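Heads up, the chain below is alone and in the form predicted alone; it's given as structure tokens.
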Amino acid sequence: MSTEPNDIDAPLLRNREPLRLHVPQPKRRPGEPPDFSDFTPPEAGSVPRPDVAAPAEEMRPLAFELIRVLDSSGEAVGPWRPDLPADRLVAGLRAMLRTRAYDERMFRVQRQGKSSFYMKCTGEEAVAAAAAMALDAEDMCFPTYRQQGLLLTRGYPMMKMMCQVFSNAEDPLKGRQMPVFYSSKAAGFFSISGNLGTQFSQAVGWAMGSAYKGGDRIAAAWIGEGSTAEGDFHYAMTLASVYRAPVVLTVVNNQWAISTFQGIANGGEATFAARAIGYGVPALRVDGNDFLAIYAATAWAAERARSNLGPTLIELVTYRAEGHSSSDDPSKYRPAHEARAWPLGDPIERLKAHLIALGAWDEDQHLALQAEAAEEVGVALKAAEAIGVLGAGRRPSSSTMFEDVYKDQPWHLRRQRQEAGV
């Protein structure tokens, strides 16, 4: 008889300690002082700029670096410096100031009970303004609810945006969308979706369609860092990679997904840009409060797309200075005044400092531009409020419920409309 131990009778090996899950925790809680000691931005100009045709595997380090152009003194340095003329820089500053003035006024309007909901992009104005200027005006944008600056930079009428927030009779969407869920085909601004990950999938599909038809328009999309944990992100990355879709995919890492800090979406083990590596897609990690860096990275990615070299994933590292929305109280989940301690500063102040360093700007000009933006918002708001606000004024006609669904209205809807007398 064999004297070898019987595997069936052998004692089971046990773990030396109980198994447990890793649940990422934010480093800072309400009541504690802000602390960004774990985030040390690299020197501006220190990250190399590869050729747009470089293979993705050669660009892997860029997913872990941080592309920066503006240094602490306001100088533009390094290989990513776009060398924009002063008038273009002033146009970018104006776009950001108009966006901030619009946000501040519309948030107060919501607090006055004239609209049900509002979402600000304070501290993230460069995300949309710089990208809008780097893209072609004909390119199709698939934004989230914090890229209102795309419309404002592209010259979309401010009053129309306000009417959409109020859902009044002049609302271009006829009361069919949530406030701030703008949409304009003419402005190349795809309808905003509350399920943000879908914007990536739809942008990739639109870009594939453009390429299939032999067109010359590319697509660009934005989602928050939390949405990278959704299936839509991965579906989009697979299709974009396989078919080399002409699309620029931007993850806006503003540190917070509603009330959940960014570590819940990535475990704090890697950057969001690094998620592109497994798909063979080039990735750029960029200072999201540096107007010039965002412009340069977006223009670089757009050139790749137009050259049939495929997609690029960009992670913009920024900070959501305000609450998630008008329904949110960030003091419940993060330290008070944490935004003031954010190491990458304020995008408007940084571009302003750059213009002053160039000798093309001064404090008096800046104050005048701020006043001009505030006056423009005030005039537009007065006109929009005269049409109607929440609970008062003119609403979209009930007849519009029969429109914009079918190209050719079917007989039963025509009959229903006749019966309704509208």
Partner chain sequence: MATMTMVQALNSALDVMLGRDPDVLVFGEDVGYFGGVFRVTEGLQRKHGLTRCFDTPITEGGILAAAVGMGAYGLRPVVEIQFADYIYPAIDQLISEAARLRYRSAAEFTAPLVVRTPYGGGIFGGQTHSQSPEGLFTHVAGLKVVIPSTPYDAKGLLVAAIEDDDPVLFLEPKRLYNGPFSGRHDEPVRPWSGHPAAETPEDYYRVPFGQANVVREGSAVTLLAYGTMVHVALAAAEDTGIDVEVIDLRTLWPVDIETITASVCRTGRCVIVHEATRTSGFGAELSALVQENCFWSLEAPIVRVTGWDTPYPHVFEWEYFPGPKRIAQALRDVVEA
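The term rigid core refers to the most C-alpha atoms you can superpose between the two forms while keeping them within 1.5 Å. From a predicted model like this one, the values you see are computed outputs, not experimental measurements. Numbering follows the first chain given and starts at 1.
Another form, the form predicted in complex with its partner chain, is not on view; read the next lines as being about it.
Engineer: Among 177 to 185, 339 to 347, 300 to 308, 214 to 222, which stretch sits within 4.5 Å of its partner chain in the predicted bound form, heavy atoms only?
Structural biologist: Contact criterion met by 177 to 185 only.
Engineer: Suppose contact means a heavy atom within 4.5 Å; in the predicted bound form, does that hold for all of D71, P85 and M208 with its partner chain?
Structural biologist: Judged in the predicted bound form, none of D71, P85 and M208 sits within 4.5 Å of its partner chain.
Engineer: Wondering, does S167 line up within 4.5 Å of its partner chain in the predicted bound form on heavy atoms?
Structural biologist: Contact check for S167: yes, within 4.5 Å of its partner chain in the predicted bound form.
Engineer: Decide whether G194 counts as a contact residue for its partner chain in the predicted bound form under a heavy atom distance cut-off of 4.5 Å.
Structural biologist: Contact with its partner chain, yes.
Engineer: R108: heavy atom within 4.5 Å of its partner chain in the predicted bound form?
Structural biologist: Residue-level check for R108: no, no contact with its partner chain.
Engineer: Quick one: is S397 in contact with its partner chain in the predicted bound form, heavy atoms, 4.5 Å cut-off?
Structural biologist: Looking in the predicted bound form, residue contacts with its partner chain include S397, since a heavy atom lies within 4.5 Å.
Engineer: To verify the annotation, which of these, A274, A321, I258, A91, has a non-hydrogen atom within 4.5 Å of its partner chain in the predicted bound form?
Structural biologist: Only one option qualifies, and that one is I258.
Engineer: Scan 134 to 149 and write down, in order along the chain, each residue with a heavy atom lying within 4.5 Å of its partner chain in the predicted bound form.
Structural biologist: Not one residue comes within 4.5 Å of the partner.
Engineer: After core superposition, I'd like to know whether Q409 moves between this form and the one not shown (criterion: C-alpha shift of 2 angstroms or more).
Structural biologist: Q409: C-alpha displaced by 2 Å or more between this form and the one not shown.
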